[in-house]
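Read the single chain below, which is given as structure tokens and is the form predicted alone.
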């Protein structure tokens, strides 16, 4: 299968436009994005470990993966609330959004600790 030069140029133009648009993103949103990537990467490492080693303590595996995925989802919610371009949460101060994030993470991890037994 041979790619045409137009397809390669289109992909390069798309990558360049995404990179230039992301460079205008505020630093606090980039930090949250990095945290989300880290949480998803940690969940993927746990899934690979399950595939290679086995799933003897299955509750531990589920707790670890659900902890990572839940934390990533909560961080995405924080990113949506903190984003200044989002008009839905314009009246919500960033401190309140972060307090909600911390409280929800606390509840999530208390449930996960309870699931471990």
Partner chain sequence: MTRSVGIIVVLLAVASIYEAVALFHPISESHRSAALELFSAVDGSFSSLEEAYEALRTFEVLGIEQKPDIKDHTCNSVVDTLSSKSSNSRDLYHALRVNGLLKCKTSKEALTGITSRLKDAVKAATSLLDYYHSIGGLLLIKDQSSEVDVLLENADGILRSIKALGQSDGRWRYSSNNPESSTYAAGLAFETISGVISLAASAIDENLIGTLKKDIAKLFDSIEKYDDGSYYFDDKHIDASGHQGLLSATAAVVRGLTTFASTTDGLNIPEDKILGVARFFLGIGVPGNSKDLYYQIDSLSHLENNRVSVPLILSLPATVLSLTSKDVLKVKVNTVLGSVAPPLSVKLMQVFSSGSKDASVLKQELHFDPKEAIHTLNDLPEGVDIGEYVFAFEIVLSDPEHKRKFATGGRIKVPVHVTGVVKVDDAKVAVLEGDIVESEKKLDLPRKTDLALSANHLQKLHLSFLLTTPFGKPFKPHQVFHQLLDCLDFISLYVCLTYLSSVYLQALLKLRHESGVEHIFVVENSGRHFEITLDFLGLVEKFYYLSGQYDIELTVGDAVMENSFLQPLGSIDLDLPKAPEKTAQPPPQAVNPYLRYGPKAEIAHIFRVPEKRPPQEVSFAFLGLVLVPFLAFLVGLLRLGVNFKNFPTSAIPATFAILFHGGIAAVLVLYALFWLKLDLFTTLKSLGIIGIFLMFVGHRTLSHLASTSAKLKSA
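Only a predicted model underlies this, so the values are computations on that prediction, with no experimental measurement involved. Numbering follows the first chain given and starts at 1.
There is also a form predicted in complex with the partner chain; it is not shown, and the following applies to it.
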**Message:** I'd like to check something about residue 27: if you look in the predicted complex, is any of its heavy atoms closer than or equal to 4.5 Å to a heavy atom of the partner chain?
**Reply:** yes
**Message:** Is residue 41 part of the interface with the partner chain in the predicted complex - any heavy atom within 4.5 Å?
**Reply:** yes
**Asked** Is the gap between residue 61 and the partner chain in the predicted complex 4.5 Å or less for some heavy atom pair?
**Response** no
**Message:** I'd like to know whether residue 21 contacts the partner chain in the predicted complex, with contact meaning heavy atoms within 4.5 angstroms.
**Reply:** no
**Asked** Looking in the predicted complex, is the partner chain within 4.5 Å of a heavy atom from each of 45, 110 and 114?
**Response** yes
